[in-house]
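A single chain comes next, written as structure tokens; it is the form predicted alone.
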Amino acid sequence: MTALNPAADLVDLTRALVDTPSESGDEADLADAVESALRACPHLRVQRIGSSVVARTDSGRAERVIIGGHLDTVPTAGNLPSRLDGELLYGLGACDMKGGLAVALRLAATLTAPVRDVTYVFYECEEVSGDRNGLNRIAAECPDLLKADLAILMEPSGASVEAGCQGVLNADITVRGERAHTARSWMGVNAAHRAAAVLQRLDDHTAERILIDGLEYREGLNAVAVRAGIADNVVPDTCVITVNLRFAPSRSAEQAETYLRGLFREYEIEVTEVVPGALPGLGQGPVASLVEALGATPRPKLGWTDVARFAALGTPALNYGPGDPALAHTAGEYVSIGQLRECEARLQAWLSG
């Protein structure tokens, strides 16, 4: 098992985390290391749930804050082990999100008497289908562990606050035709050709820009897959276009579905997944207090993160962590040493009062 020293230098700790493989579904070794390191801290109560680890202070403070991050990464892309190049630390998950994990681990180990009680959540399977997400299991088995006044997800946000998040809807649009032999194609109707009208409508579509709490959430509607045909001598009678809608958090899941169906009324639509987003909540007390303390100008989160899960539990949440979110999942991902230290210093100051 990897030995982690959460009181070590932040860069060394980040490298140790990066160099411990933890692809989704294979986080057990890293979870073991995190659990072992945190159980050595007498001020924390530690609980293991699957391959997720939860550690809590319990000092009876007036507020409780969750600091969370996922242990898993996407599959390797030839980017292990880690390497340090000046002020940049490269490696699988360095940006998404082992840099954020390192900051959280350091805070958990070194802040023995924070002015706010803190629950540190290190969870499994964020990078795969939502039904495997470790937060779901924690919420189902130990819901009290996720109760707090505020949740901070250490997702990469460039050491700035990214508030709220977009919702996600995936759907299949089916275009019908009539099958025929390609030697007598005039006897059929080519569904793939008919699908051009759907693709053109998507290309012509202007995504909406919606202002919430002074933040502009840009929506997006795109075809992400087109499937037709069963053989190279058969006119296809069915063409399925999979679309992905990223919608502003002011829309509910039902409103997002109604919106999509309204754009393609004459077609068959099967919604395969819809997950609501989270409102930024910048006017809420705990969120406003943290944003002010961090001295950051909030930006909208253009993407979906687990802040939405916390919002569904009634806990205001935001994204704040080191790393450029545009680098997430790329082969060349890295995290800035400066952002690592900045996030640790600012959170430590806020939690220390």
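Definition used throughout: the rigid core is the maximal C-alpha set that superposes within 1.5 Å between two forms. Numbering starts at 1 and follows the sequence shown. Just so it is clear, the structure is predicted and the values come from calculations on it, not from any experiment.
Although not depicted, the form predicted in complex with a further copy of the same chain is the subject of the following passage.
Chemist: In the predicted complex, which of 74 to 82, 275 to 283, 147 to 155, 199 to 207 comes within 4.5 Å of a further copy of the same chain (heavy atoms)?
Modeler: Of the options given, it is 199 to 207.
Chemist: Is residue 235 one of the residues lying within 4.5 Å of a further copy of the same chain in the predicted complex, judged by heavy atom distances?
Modeler: So residue 235 counts as contacting a further copy of the same chain.
Chemist: Contact with a further copy of the same chain in the predicted complex for residue 139, defined as at least one heavy atom pair within 4.5 Å: yes or no?
Modeler: No.
Chemist: Is residue 222 one of the residues lying within 4.5 Å of a further copy of the same chain in the predicted complex, judged by heavy atom distances?
Modeler: So residue 222 counts as contacting a further copy of the same chain.
Chemist: Given that a further copy of the same chain is not shown alongside this chain, does residue 119 nevertheless sit within 4.5 Å of it in the predicted complex, heavy atom to heavy atom?
Modeler: Result no; residue 119 lies far from a further copy of the same chain in the predicted complex.
Chemist: Looking at 288, 28, 46, 302 here, can you tell me which has any non-hydrogen atom within 4.5 angstroms of a further copy of the same chain in the predicted complex?
Modeler: It is 302 that has a heavy atom within 4.5 Å of the partner.
Chemist: Identify, from the list 129, 112, 182, 258, the residue with a heavy atom within 4.5 Å of a further copy of the same chain in the predicted complex.
Modeler: None of the others qualify; the residue that does is 182.
Chemist: Residue by residue through 236 to 253, tell me which have a non-hydrogen atom within 4.5 angstroms of a further copy of the same chain in the predicted complex.
Modeler: Sequence-ordered list: 236, 242, 244, 246.
Chemist: Does residue 236 show a Cα shift reaching 2 Å between the shown form and the other one after rigid-core superposition?
Modeler: Comparing forms between the shown form and the other one, the residue 236 CA shifts at least 2 Å.
Chemist: Look at residue 178 and decide if its Cα position differs by 2 Å or more between the shown form and the other one after superposing on the rigid core.
Modeler: Superposed on the core, residue 178 moves its C-alpha 2 Å or more between the shown form and the other one.
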